[in-house]
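In the block that follows, a single chain appears as structure tokens, in the form predicted alone.
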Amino acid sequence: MYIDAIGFIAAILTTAAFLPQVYKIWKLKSAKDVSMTMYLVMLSGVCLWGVYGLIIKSPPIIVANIVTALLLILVIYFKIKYK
């Protein structure tokens, strides 16, 4: 119980870290200074973490990585759209 609570708190904080970047890109309609390589590598890692979470049946890892992957996909989409 406490272990999952710690996991969910960590998940919320690390996932929320991407929100300011997503908001800034959306607001400015510019992603010229965003590294596509960094976001593609990060997305790959997050997807693998998600698979790992599924294998060990860890809700915090699964939820965090699904949400983070969606945010990363959004940044990648903005990077392509606002080139």
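We number the residues from 1 along the sequence you see. What you see is a predicted model; the values in this text were computed from it and never measured.
If you look for the form predicted in complex with a further copy of the same chain, you will not find it shown, but the lines that follow are about it.
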{"item": "Exercise: Ile73 in contact with a further copy of the same chain in the predicted complex, heavy atom 4.5 Å", "value": "no"}
{"item": "Distance check, Lys32 to a further copy of the same chain in the predicted complex, heavy atom within 4.5 Å", "value": "yes"}
{"item": "Contact label in the predicted complex: Ile80 to a further copy of the same chain, heavy atom within 4.5 Å", "value": "no"}
